[in-house]
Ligand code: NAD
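Form predicted on its own, single chain, as structure tokens, below.
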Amino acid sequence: MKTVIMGAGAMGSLFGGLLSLQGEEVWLVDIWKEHIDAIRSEGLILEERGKAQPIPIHATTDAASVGKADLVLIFVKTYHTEKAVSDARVLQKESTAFLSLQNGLGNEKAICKQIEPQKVLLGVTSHGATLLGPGKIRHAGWGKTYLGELDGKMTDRIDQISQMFVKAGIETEVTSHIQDHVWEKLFINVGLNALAAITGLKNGQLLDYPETLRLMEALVSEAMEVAKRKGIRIGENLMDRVKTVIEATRENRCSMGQDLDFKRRTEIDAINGAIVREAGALGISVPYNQMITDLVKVIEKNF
């Protein structure tokens, strides 16, 4: 299966590297020329459990040079989705599938503005990765990946993609309720990303201080209330599951933290900001999520 990854940041490079190691034809597409040049000359350097290895993988800044794809993975920041999909339209043939594995809410809606909905798939992953520099990433957290069709049907193509991921060492499950998993991932990001980003902590360190633990629980509790009002299914012991994922990625610096470290725009609008918007539509108050959204936006304005 010829796979093209739009957005070769930490996570896009991680999935590309793992798939490439299993002999899959993978292309990384990104606008960061220095990163692409490093991968083309030295391979993608993947650091995992203290060991580093170079992975030969195709990489380019020009999606049009790749040819047609069987699968397009969307790994760009949420605010770059529409531009990335516009660039990726040249890759599609009749059977091409577009799969979002991005953070936050609403990515599939942005993709469906340009791609036929029946070609669009949605997924979430609990893996963590850190971009160390041009051409270098660290695999910093392991977890499950969920994939699903937008209409909830179980299809051959989603099974084929899942099997490809599993062969690459990416624990994957196909689900008929992908939106429930999107929200569960959102709960993790709501409690983790902005809080770790602002404090400068690694993921697991949030669990080490009573102050950050209280803030994390407050942020997630507000998000859970919004989800319940929207009819999203929430399993038992959700707060424990959030903490388990954070512990499993203890040594990772979350994506929003990496963004603030390098003075880049964050995905706050698709995470805590999404909770604020959804709560506003429901007429309920989410003061902790409003506060942390405002704080991140102020930091961004001072870059």
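This structure is a prediction, so every number in the text was calculated from the model and none was measured. One-based numbering along the sequence shown.
Same protein, other form: the form predicted together with this ligand, not shown, and the subject of what follows.
Student: Within 4.5 Å of this ligand in the model of the complex, heavy atoms considered, which of K202, H80, K136, R157?
Tutor: Selected residue: H80.
Student: So which of L91, L192, V182, V76 gets a non-hydrogen atom within 4.5 Å of this ligand in the model of the complex?
Tutor: None of the other options qualify; the answer is V76.
Student: Is V296 a contact residue for this ligand in the model of the complex, using a 4.5 Å heavy atom cut-off?
Tutor: Looking in the model of the complex, residue contacts with this ligand do not include V296, since no heavy atom lies within 4.5 Å.
Student: Might G148 be said to contact this ligand in the model of the complex, defining contact as any heavy atom within 4.5 Å?
Tutor: It does not: once this ligand is placed as it appears in the model of the complex, G148 has no heavy atom within 4.5 Å of it.
Student: Is it the case that A10, even though its partner is missing from this view, gets within 4.5 Å of this ligand in the model of the complex, heavy atoms only?
Tutor: The answer is yes: A10 has a heavy atom within 4.5 Å of this ligand.
Student: Report whether the minimum heavy atom distance between E225 and this ligand in the model of the complex is within 4.5 Å.
Tutor: No, no contact at 4.5 Å.
Student: Thinking of this ligand in the model of the complex, which stretch from 227 to 235, 206 to 214, 159 to 167, 122 to 130 has heavy atoms inside 4.5 Å of it?
Tutor: Going through the listed ranges, the match is 122 to 130.
Student: What are the residues of 93 to 118, in order along the chain, with a heavy atom within 4.5 Å of this ligand in the model of the complex?
Tutor: Heavy-atom contacts within 4.5 Å come from L101, Q102, N103.
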